[in-house]
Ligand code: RIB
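This document opens with one chain alone, in structure tokens, the form predicted on its own.
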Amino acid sequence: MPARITVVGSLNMDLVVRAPRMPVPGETLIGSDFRVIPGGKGANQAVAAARLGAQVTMIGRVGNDDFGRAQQRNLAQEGIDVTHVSVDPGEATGIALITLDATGQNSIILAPGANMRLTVAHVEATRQAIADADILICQLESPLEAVTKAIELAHANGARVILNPAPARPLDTALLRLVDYLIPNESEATLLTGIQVTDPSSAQKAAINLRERGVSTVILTLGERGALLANDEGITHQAGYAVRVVDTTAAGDAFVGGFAVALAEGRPLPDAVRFANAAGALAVTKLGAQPSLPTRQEVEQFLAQRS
């Protein structure tokens, strides 16, 4: 049976433009290669998991507009169950304004729109989809009270919980105690802990701090340097993979989706992180969020070449 993964999160349309560098305040730059690409951390992670072989259900909210309808079509074409992607009549579908510089690094501004109209009642209505899942994935581009309710339902029904705390915001210890796998990047770990994460030593301190607050397993992503895994067995570093960077958008989402699938399939944690590192590395080699997310065959071939 394929892994059963339910994702509660955001659905955005990404408006992407390339520029030679990031503009400074008051400056106008001439850009190029404008594209409109499906995105949103929740939708990205759902697509990532589906392309890697999982049976995925998406829970979220879009506007009654062309972007919302395009998102629903796109997810359905990926084989994702969109029964619980509801339409808000009074808000637009979320958008992200993304600037890519010459090195592939990005700068993003979100207008969340209908994503912020996902309520506790909406989540309550999807309790069966959460209870039936092997794994629940959440992020923080939706209202925290709705995310919290989803995590509580998953915890009560025995589904393992992955929380990608992005965009970063303070979180109560009571919520963190319900999270089985917390996957922050360096800036998110810094905000959550107050520890400036700049190197392996500070990353370890941040991971220890989060575990002391009740998280069972912390996986701190370090970009091209891989990821730090901290759990009851200790702290280990899983190296990343050197690739040619085109666009870093959705690399973290590819990592989360890859980790969830590998975990649901019963792989040991170090192997699951290695699989996730490969998915994230492949994502940065292509332009765009969802178009960059790799298939199962691509990840397995990449790992076979790098073994």
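Just so it is clear, the structure is predicted and the values come from calculations on it, not from any experiment. Numbers for residues come from their place in the sequence shown, where the first is 1.
The form predicted in complex with this ligand is left out here; the points below concern that form.
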Heavy atom within 4.5 Å of this ligand in the predicted bound form - residue from Gly280, Gly40, Gly60, Gly257 = Gly40
Could you spot which one of Ala276, Ala250, Val56, Leu52 gets a heavy atom to within 4.5 Å of this ligand in the predicted bound form?
-> Ala250
Any chance Ala289 has a heavy atom within 4.5 Å of this ligand in the predicted bound form?
-> yes
With the cut-off set at 4.5 Å between non-hydrogen atoms, does Ala114 touch this ligand in the predicted bound form?
-> no
Examine Ala227 and determine whether its closest non-hydrogen atom to this ligand in the predicted bound form is within 4.5 angstroms.
-> no
Should Ala156 be classed as touching this ligand in the predicted bound form when contacts are defined as heavy atoms within 4.5 Å?
-> no
Any chance Asn12, Ala96 and Glu141 all have a heavy atom within 4.5 Å of this ligand in the predicted bound form?
-> yes
Only one of 60-68, 235-243, 268-276, 40-48 has residues with a heavy atom within 4.5 Å of this ligand in the predicted bound form, and that stretch is 40-48
